[in-house]
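Two forms, one chain: they're shown below as structure tokens, one block per form, named structure 1 and structure 2.
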Structure 1
Amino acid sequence: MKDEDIRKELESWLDEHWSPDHSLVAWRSILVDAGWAATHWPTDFHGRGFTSQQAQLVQQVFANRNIVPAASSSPRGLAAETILAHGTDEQKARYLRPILTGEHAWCQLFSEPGSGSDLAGASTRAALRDGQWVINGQKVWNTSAHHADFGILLARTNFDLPKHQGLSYFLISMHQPGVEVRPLRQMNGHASFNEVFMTDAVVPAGDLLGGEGNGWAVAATTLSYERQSFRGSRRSAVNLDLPGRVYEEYAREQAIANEPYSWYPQREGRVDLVMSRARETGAIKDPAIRQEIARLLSMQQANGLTAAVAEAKRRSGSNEIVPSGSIGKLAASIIARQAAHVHTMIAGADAMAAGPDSAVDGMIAEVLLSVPAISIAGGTDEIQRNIIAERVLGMPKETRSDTGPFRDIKRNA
């Protein structure tokens, strides 16, 4: 189907069906029924089988006309794409539609106090009893778990197998007595994350995703989408100030969904503030600072070009290995640290002060406190370097000391 034909069909359909007076769920239900909610998905599951390029064309038409889209904000999107890739037809039929309409919110239950970057070292236990899985353990750094309806959960179902082989992937209801969510306060003052305790929490047998023991392969799909998101923006392309019920409800949804991420621009280093700060303070006249600014802007430009090349190869259907997720994630971390370094050079001692009397109303101090997180979240820099070295450059793998049955491996308590 040609791009122009897609555009004409969508424009005509929107002319007939779009109204800002719809409720948010009602409008999204109309989108889902017509296949315009997730056009890159298969036709059997609410999509149209479009290519990624065609799907982007649809998104652009929505943005140009200020049309409210289907729900897809992370971690809803992570859950949806993983279920689509690995779920049974029954699981897809049950979970995908309410994700797209926004009726179900999700969270990600992967990291643990003793296994963060070493995700395969997860020790949360899942035991099959009387036809259902019983979950016991603790997760941490769980964004939006405090208002999630469901979680994507990695848990260990076999302690006698090597650690990557004994994991399974579950879809768990967060609204049950066995699940307790506790917020965590960060050093930058925000409380975006939670820790989640599961005590005899229950998962029906039908909510095991991808089969018992295949959790690592399923989790790899989730992680791939998560790492790609580090290059994306969480800002809505829709003007939320327009009149109409659907805009009002969408604005409330966006406020809830984006609140945990309000500090993420600071985590990424706020490169956008560098030039204006350098000019305002006169630091632009300092040759040493100018050199570091040039280094930062060069990194940012190179990362953008690398992302464009990876996207072009993906669109062309190339079979070449392009680890755009890991490269983009690592690049984002390096750029953020360089940006924090530059901001420190510009602000000097003022960078340590917080509050309205400090640099940019405390924004620079928040940058310095937040940037270290990007080197950890979504897999540490060391993890990304290993992935690139071993899977792309073909370098020898590291010597491992964690082989054999998981129960025999020394690990953090």
Structure 2
Amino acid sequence: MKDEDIRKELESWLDEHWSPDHSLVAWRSILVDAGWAATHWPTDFHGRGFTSQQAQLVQQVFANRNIVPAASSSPRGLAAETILAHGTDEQKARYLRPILTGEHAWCQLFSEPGSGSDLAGASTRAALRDGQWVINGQKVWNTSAHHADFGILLARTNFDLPKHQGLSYFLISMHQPGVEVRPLRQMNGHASFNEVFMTDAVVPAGDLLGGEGNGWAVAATTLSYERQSFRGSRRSAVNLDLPGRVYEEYAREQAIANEPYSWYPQREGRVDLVMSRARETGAIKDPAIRQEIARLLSMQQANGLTAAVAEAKRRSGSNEIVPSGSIGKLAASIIARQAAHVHTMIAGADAMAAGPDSAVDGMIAEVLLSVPAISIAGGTDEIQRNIIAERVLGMPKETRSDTGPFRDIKRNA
């Protein structure tokens, strides 16, 4: 199908069906029924089998016309793509539609306190009892778990197999007595994450995804989608300040979805504020500070260029090894650290203060207390360096200490 044909068909369909007076769910139901909610999905499941270029074109039309799209916030999207890839027809039929309409919110239950850098070391236990899976264990770093209806869960069904082989992947209802969600406050005062405690929580046999013992392969699908969304913007392309019920409800949904990420720009160091701060405070005249600003802005621009070059090469289908996401992630960490250093130098003693009456309405203080997260979240700097060294540079791996049956591997109590 030609791009122009797609555009024409969609535009005329929208002319006919779009109205800001729908409820959010009603509008998205119309979208799903007409096959415009997830056009890159297969025709059997709400889609049109479009290529990702075609799907992007569709999104562009929605954005241009300022029309509310199907629900796609992060953990929701990861769940949908993973179910699409590994689910049975029954699972797809049951779970995909309410994800697109926004009726079901999802969360991701992978990380555990005992296995932060080592997802495959999960020790949450899933045991089949009386035809259903009984789950016991603790998960952590679960964004939006307190708003979620369902979770994608990585748990161990066999402790006698090597660690990657004993894992299974489940779709778990968050609304049950065995699941307790507690907010987890961070050192910067925000509480963007949760801990999830599962005590004899239950998953019906039909909600095992991808088969017993295949959890790591299924999780790999989720993680690969997660990495792809790393560079994407979290902000909706739609202007939310328009009249109409669907806009109001969508704005509310977006506010909830974005709330955990409000401090993320600070976590990256707010390089954008550096020059104006240096001018306001007069720090721009301090040669020692100028050196550090120059280093920071150099790295920042270099990182942007490096990413643009990688993107250009990817698009041109070049065979050259393109530095992976790990380089960008490690770079972001180095930049944020230097930004915090520079903001500290610029502020001087004022950096002792926090809150609304401190520099940039407390934003500088929030930077100083948020940057330590960027070198940890989503894989520590140390893990990124290992990946770069082994996968990009081809340096030899170390002998592993975590082979053999999982139960014999030394791990945290």
Partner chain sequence: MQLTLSEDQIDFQDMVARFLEASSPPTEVRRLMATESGYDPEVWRRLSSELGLTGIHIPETWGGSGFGPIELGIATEQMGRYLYCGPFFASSVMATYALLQMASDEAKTALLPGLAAGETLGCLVLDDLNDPVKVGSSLAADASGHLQGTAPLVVDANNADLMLVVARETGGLGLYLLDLLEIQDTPANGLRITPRQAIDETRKLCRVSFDHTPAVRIGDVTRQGLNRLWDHIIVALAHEMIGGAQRLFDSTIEYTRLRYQFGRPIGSFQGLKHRCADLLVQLEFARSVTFHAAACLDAGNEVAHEPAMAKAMASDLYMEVARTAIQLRGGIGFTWEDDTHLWFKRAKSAEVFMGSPHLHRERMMTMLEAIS
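This is a predicted model, so every value here is computed, not measured. In this text, the rigid core denotes the largest set of C-alpha atoms whose superposition between the two forms falls within 1.5 Å. For numbering, take structure 1's sequence and count from 1.
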query	finding
Identity of the form predicted in complex with its partner chain, given as 1 or 2	2
Displaced residue check between structure 1 and structure 2: residue 367, CA, 2 Å or over, core reference	yes
Threshold 2 Å Cα movement between structure 1 and structure 2 at residue 270, rigid core reference	yes
Core-aligned C-alpha movement of residue 39 between structure 1 and structure 2, 2 Å or more	no
Per-residue C-alpha deviation between structure 1 and structure 2 [residue 357; rigid core superposition; Å]	4.2
